[in-house]
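A lone chain, given as C-alpha cells: the form predicted on its own.
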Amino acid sequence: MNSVMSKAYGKAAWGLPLQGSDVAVTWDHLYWFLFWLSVFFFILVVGGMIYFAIVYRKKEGRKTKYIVDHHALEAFWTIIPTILLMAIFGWGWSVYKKQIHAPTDAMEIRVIGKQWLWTFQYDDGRTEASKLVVPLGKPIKLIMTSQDVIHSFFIPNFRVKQDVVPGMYTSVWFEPKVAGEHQVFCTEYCGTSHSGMLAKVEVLEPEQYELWKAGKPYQVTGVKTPSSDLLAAAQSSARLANAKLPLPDQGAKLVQAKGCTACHSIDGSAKIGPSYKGIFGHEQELLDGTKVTVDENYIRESIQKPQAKVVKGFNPVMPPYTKDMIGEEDMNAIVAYIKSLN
C-alpha cells in the first residue's frame, strides 16, 4: 500500500508529497513549524512530568513544601503561548489569503464533478475526462461545480483542496512548478465508487502544451504519477465530443437554441429581459433595491431560479430551466458566452 501511495504522490520529502506549486512550499513551511513546535512542547511537558515524578516522588520523612503564587511564571506561560498562537494565525491567514485570490492573468478551466468522474472544459471548446492538461508556470483557476452530490477536488502535490457543490460554483487556483503527472483525488465520500473517482494533472512544458492544443501527439516529461495501480481503478481518460468549437461559441449556439435571444439582446438594446452585453462583473440593481454583482453563480441562479433575483425595471416572467434542460456542460458554455460579451 505504501508503494502505491508513494507512486501516487510522487517523490516525497519526509513523508510529504512533492512540492508541485509555490503554495505547497509555503504550506509545508507552516506544517513543519507546527510539527517541531509540537515536538518541543511534548518533550517539555512529558519530560518535565517524568522528571518531577522521579525527583519528587514520595519518600519517607519528606514533606511537600507549600507553593505560593509566582506571577512572573504565570505571566510567562500566558504571554508566550498567546504570541505563538497569534503568529500561527497570522502565518496561516497570509497563506490562505494568497491561495483564495487567483491572479488576474490566471487561465480559467471549468471542472464538473459527477459520479464518478472529473470533466474539464476549456475556453476553446475542448473537453477532457479524468485528465487536466495545463502549461508549466502558468496560474490556473478552476471554476468547479457538481452535477449530482458534493465532491471535493484535491491535488496533494499542489496542496489545494476545494469542495465541489451542486447548484453553485466554487474555485481554486494553483501555479504548477513541476512538470509531469500529478494525482487528483475526490476526498468527499460520494457513493460506492468514490475511491475510483480519480484524475491526473498533466503539467506540460510550453512546447508540449502547444502540441496538445493543436491536437498533435505530445510527450509528458518530469514526474510520473499517478501510478498504474491507481489508474486501473479510475475512469479511463478520453476526449469528449463537441470539442471543435470554442466554449463561448458553444454558448452562443445554446442561447439561440434555447430561445434566450428572444428576451435578451446581445448588443445592449432593450428587450423583455436584461441585455447580455457588458453585464458580467458589473452590479445590477434588483426589484427590492439591493444590488448584486453578475458572476457565474448569479447567472446560474438566474437560469435555474429566475424569480430569485429580478433586475429592477423588468418583470419576473422568465421560466426556470432545470438540470435536465440545461446540463453542467451547457451551463458552462452559456456563462463563457455571456462573459465574452463584455
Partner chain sequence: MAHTAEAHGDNYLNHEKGLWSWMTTVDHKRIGLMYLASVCFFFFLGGIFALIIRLNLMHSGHPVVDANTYNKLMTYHGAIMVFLVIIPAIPASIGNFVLPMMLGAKDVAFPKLNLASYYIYLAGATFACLALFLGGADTGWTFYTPYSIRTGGGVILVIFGAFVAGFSSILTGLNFIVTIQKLRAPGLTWNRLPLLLWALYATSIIQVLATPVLAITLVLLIFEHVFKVGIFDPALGGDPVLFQHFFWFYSHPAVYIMILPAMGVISEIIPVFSRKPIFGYRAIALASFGIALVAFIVWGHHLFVSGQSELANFVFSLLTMFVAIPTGVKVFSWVGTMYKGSIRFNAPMLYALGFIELFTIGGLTGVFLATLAIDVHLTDTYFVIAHFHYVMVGGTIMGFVGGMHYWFPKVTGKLYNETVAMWAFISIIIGFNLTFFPQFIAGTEGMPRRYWSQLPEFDLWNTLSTVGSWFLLLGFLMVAWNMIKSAKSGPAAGDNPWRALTLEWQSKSPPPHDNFGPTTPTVTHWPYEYKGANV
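Here, rigid core means the biggest group of C-alpha atoms that superpose within 1.5 Å across both forms. No experiment lies behind these values; they were computed from the predicted model shown. Residue numbers count along the first chain shown, from 1.
The following text describes the form predicted in complex with the partner chain, which does not appear among the structures shown.
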Contacting member of 127, 208, 162, 130, with respect to the partner chain in the predicted bound form [4.5 Å, heavy atom]: 162
Could you tell me which of 247-255, 210-218, 144-152, 106-114 sits within 4.5 Å of the partner chain in the predicted bound form, going by non-hydrogen atoms? 144-152
Is residue 288 one of the residues lying within 4.5 Å of the partner chain in the predicted bound form, judged by heavy atom distances? no
I'd like to check something about residue 263: if you look in the predicted bound form, is any of its heavy atoms closer than or equal to 4.5 Å to a heavy atom of the partner chain? no
Does residue 101 reach the partner chain in the predicted bound form if we count a contact as any heavy atom within 4.5 Å? yes
The partner chain contact at residue 122 in the predicted bound form, heavy atom, 4.5 Å: no
Sequence order please: the residues of 20-53 with a heavy atom within 4.5 Å of the partner chain in the predicted bound form. 27, 30, 31, 34, 35, 38, 41, 42, 44, 45, 46, 48, 49, 52, 53
For residue 49, is the C-alpha shift between the shown form and the other one 2 Å or more after core superposition? yes
Note yes or no: does the Cα of residue 317 move by 2 Å or more between the shown form and the other one after the core is superposed? yes
Exceeds or equals 2 Å, Cα of residue 76 between the shown form and the other one, core fit: yes
Working note: in the predicted bound form the C-alpha atoms of residue 148 and residue 317, off by 3 Å or more, come closer
